[in-house]
Every structure is written in C-alpha cells, then in structure tokens.
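Have a look below at one chain only, the form predicted on its own, in structure tokens format.
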Amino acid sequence: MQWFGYAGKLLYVNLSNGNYEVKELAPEQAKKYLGGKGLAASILYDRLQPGQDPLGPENLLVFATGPLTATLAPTSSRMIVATKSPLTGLWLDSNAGGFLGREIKFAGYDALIVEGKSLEPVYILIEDDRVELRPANNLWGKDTFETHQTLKELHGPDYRVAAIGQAGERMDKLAAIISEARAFGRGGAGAVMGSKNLKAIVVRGTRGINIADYQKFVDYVKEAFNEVAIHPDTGGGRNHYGTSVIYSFINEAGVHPVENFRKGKFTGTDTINEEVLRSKYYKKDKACSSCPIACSKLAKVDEGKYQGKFTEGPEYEDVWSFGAQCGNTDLGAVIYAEYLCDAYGLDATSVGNVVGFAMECFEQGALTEEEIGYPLRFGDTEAMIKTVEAICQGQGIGKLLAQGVRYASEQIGKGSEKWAMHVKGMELPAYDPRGAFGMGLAYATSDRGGCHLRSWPIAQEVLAANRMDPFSVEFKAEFIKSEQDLIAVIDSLGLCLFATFALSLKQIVGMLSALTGIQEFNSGEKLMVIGERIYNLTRLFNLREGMAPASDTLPERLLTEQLAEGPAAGQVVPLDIMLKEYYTIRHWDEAGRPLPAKLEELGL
C-alpha cells in the first residue's frame, strides 16, 4: 500500500547473528498506536517475553518515529527510544529531538528495532536500503563527543549519530544515549545499548515523505507556525531563556526542591536564575529540526574556576539538579557538570539527584569521609564536581551512585532509603509536589517512574494566570489522566511537548489528518482514545513485569515531612485520596489493574 506520513517500514537488526530484516508496518498497528511511543509499546509488549534481564541479549531497543516526524510541522523532530529499563525494571521510553528521527524517517523506516548482542563492539550504519554492522573497537572507550567526531569525519557531516559514552559501556543504570548533544535520558537506555556492545547508530537518509493532501497540510502548518510564533512562551520566553524560562516562577512558588527536597525555597537565586544564564552564559540559540522555538542554548563559562567549560544547555532540570539540589550557587559548575554527563553519556537530572542524596547521607552519618574520600556537604561545589567526575569515571563512590538512588540507598542502608527521592526507581526531577499536589499524583502514576513528562500539572497549578489551586485535590485525578493520554499521543506523533503550549488538539488533528489521510485520525476524540490505549498498554507491560500496586506512591518525605518555609510550608501530599479517584476514573481496580471491560473497550 502507499503510505502518507509514514515510511511504512520497520527495520529489525539482530546483533547476535549480524542479520537484518525489513518488515512492512501493519496498517492496523498504525491506526491503533500512531507511531513513536505507541508503536514501540506495541512492539515491546508483543515481542519481549516477561521477566527478561534488561541488560540481557533478549531485551529489545526500539528507536521509533511518529507520523509527523521529519515533516514541515513545527517541532516535528522528536522520536523515542523504548526498552525495558535497567534502572526500574519496568517500561521505559525516552524522547529526544535534534535530527536523528528525521534521518531515520528519510532513510525509509518508521522504527529501528535492535535485538541480540554482538560479540564485539559494533555500530549500525544505515544508508537508505543499505544496512551494515561496522566494527567499533576503535570507538570503545571514547566519550560521546569523540565518537561523534570520529564517525562524522569517516562518513560525512550530514550523517546523524546516536552514541553511548563510557557510562553506557559499563552498563551504568543512569547511562543515556546522546545524539549530537541531545539526550535520550532517564532510565538507562544507554546501559541497554552498552549491554549489546552497540556503540553507535549512524544514519543517512535521502528519501521523501508522501503527503495525502499537500495544500491542506501546508495550510495547517502555516497556521501552526503562526500560533507558535505569537504565543508568549514558545514565541517569546522559551526562545529567549530556554527551558529555564520558568526558573524564578517555580522557586517563588515554593516548588523548587532544595537540598534533596528538605527545603522549599532556594536562597541562591542571586547567582542562579534565567536572567544570569541569558546575560552571562548563553552564547548562541540552537534549534532542533523543523523547530521555530530554538529553546536549546549553547552556554560557555568566560571567567572563574570553570572558565572555558561549555555545554548545550543547561536545561532547567539540570540547573536544579546541580544547583539547588546540591546547594550549589555557581552556574559555571552547573555547566561543567552537565558537560561531563553529556560527554560520558549520563542522565544529568538523575546524576544531580543522586549527588544530593549522597550529600544528605554524609551529613546524616550514613556515609563517612573515609568511604567517600572527602567531605561531601551541601553547598560544597568542589565536592559536588568531584562526585560527578567519580560517577562519570565509575570510580570510588561514583561506581555505586551511577546505579541510581534506589540501588545506592539499598546498599548503603542505615535508614538512607527514606532520603532516596525516587518513584519506582527513577529519580525525581525539579518539582516539589508538596507545593503542587497534582504533580505528586503525576509522579506516582507515571509509567516510567519519577517523571514530569507524563503529565505536567505545574503549568496549571503554578504558572497559569487562572491557575488551579495547587493545594486542592479537586479535579486533579481527571486532569492528570487526561494529560497523560494527551502526552501519549504527542509522544507517538513525533511532536515536541512544547508545541502543545501553543497548539490546540484540533490544530494537531488538522495537520495529522491532512498528512496521512487516515480517517481514524480525523478527530481529537479519536486521538485521545488512542492515547488512553497506549497508556493502558504500558500499564499492562509494567504489571506483567511484576510491578506491585504499592509502587504507585511517593517518597516518605513527601507524604509525611512538612516544609518549614515558603508558600508550601506545612504541606504534605494527600496522595491516597487522589490515587483512589484516579484509579476509578481510569477504570482500574483498587490494585491499579485495568478492568477487563476497559481493555475490551480499548481493543487490548
């Protein structure tokens, strides 16, 4: 059949025997799951047997684009990597922009599925119909920047690369996959890639994309670009300040976690804030493919101890993780720490989280100076950088911390489990739910663990002009469920989440329907059912992998310890009330299992 929007092909590469196979994308699979996250979920659920070791050869690594990926639609650069997470043992999808998704689509594939394990280090080379495994022994041991440079010098600057660094080679559970400074982070996808002896993927595509109704699609795209351009976030603040545009708002609202979620307001904002970043450190704006927002920034330190250090970013989450989380007020150190994570291939949000955890362990006596090698106190920037370097190099205390905060707390013991700020094994990011109750429910019910990208109620509880009451439980379950379904759609289409700040679902439907010509995509209601189907499927994946109902919870600190200061002073998260209502709205039983009638309704 002729496909519009889709490439219509799935590329399976078996590293164990060196063979590859191209399969047709099934029309029903596209109609039920869209692409991206949904497509990857259907592949993993069907092909991965339950109980497999995430770092074993049987695990799959799925790189999936969406139907809008690589089109003219604004922010249509996105793709996902999905696998069984070595950090949580559960479902993982990690989303990134840049140019890799576009290139895979142009090469003629909606998804690349990597199976097995190579005996020796290799990289996958894809040039349209040509697919090869190339030796990567000379790349093993190189960081991600050196790997990119070597491969681009060999194949050409137009080839797109995704690679792991030394952390992925060691199979550290915080390892990420880096594609030209964009990270497929959270959850350890880089460790899965390393477990397969796969150093990199190199892609060059020269094909086009068919459009069902070209003129209508272009008209919708023009409207969408206009909406993005005139919106105060996507067309103003985010372009100017990057993702840190929200920094001061979040801190003033008392939602910016400080010193491992012990405090509710950061006092170091004279030297760390979005204005300082823009005026002192940002050197250049950078955009992903098809993106007018250009929220990415190139930052460089011009003076001080970290003079000459640079990074693409730092993103808001990492300004927090290496800032307030560790009590650090030096933005130069934040930039250097993020650079180290990108170079070695690590998730910077989780690394900063686990460093803050180690600082609390030291101050509480659970870790000693002898065990660490130096004092590790909140606010000690030099000690923070030493610890980040140790994690990156897999040395000393860093070898333990690189496996994540849950594992580290289990090994350290001495009551440290109650200071481990994670959900289902994934480290929490930069929002304290005691100041925004909906964020607590979003964390607890996220399909990949402690994540703000399955639902982001912060926008309505903290940032909106007519905001929801952040300390009320009313309507939070309905909101979280609806937004989770919507974001599952966005992550399956190949759009950036930021596009939803400016575009309505109706506008997205217009672009998708004109692009694909598929009747099942011609209304927002139909897309929301697909999103609900995807979210239930990842829930089934997690239950099949042994996830206990009690896992839908938060760290004890957030449920029992009141903040002493800031707008959220005296608050704890009333999770039980919201969770019970959430299960009811989802048509899940009291243990969080989808009811048979709901599964039948969704065609699962």
Partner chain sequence: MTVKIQVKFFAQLAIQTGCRSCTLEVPNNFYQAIEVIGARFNLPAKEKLGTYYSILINGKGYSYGLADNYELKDEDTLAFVPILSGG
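Positions refer to the first chain, counted from 1. Just so it is clear, the structure is predicted and the values come from calculations on it, not from any experiment.
The discussion below concerns the form predicted together with the partner chain, not included here.
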{"item": "Stretch in contact in the predicted complex with the partner chain, which is absent here, among 186 to 194, 420 to 428, 451 to 459, 321 to 329 (heavy atoms within 4.5 Å)", "value": "451 to 459"}
{"item": "Contact residue in the predicted complex, from 74, 168, 97, 470 (heavy atom within 4.5 Å of the partner chain)", "value": "470"}
{"item": "Option touching the partner chain, based on a heavy atom within 4.5 Å in the predicted complex, out of 524, 373, 135, 232", "value": "232"}
{"item": "Residue contact check: residue 381 to the partner chain in the predicted complex, 4.5 Å heavy atom", "value": "no"}
{"item": "Interface membership of residue 463, the partner chain in the predicted complex, 4.5 Å heavy atom rule", "value": "yes"}
{"item": "Heavy atom of residue 271 within 4.5 Å of the partner chain in the predicted complex", "value": "no"}
{"item": "4.5 angstroms heavy atom contact with the partner chain in the predicted complex for residue 223", "value": "no"}
{"item": "Neighbours of the partner chain in the predicted complex among 249 to 272 [non-hydrogen atom within 4.5 angstroms]", "value": "249, 252, 253"}
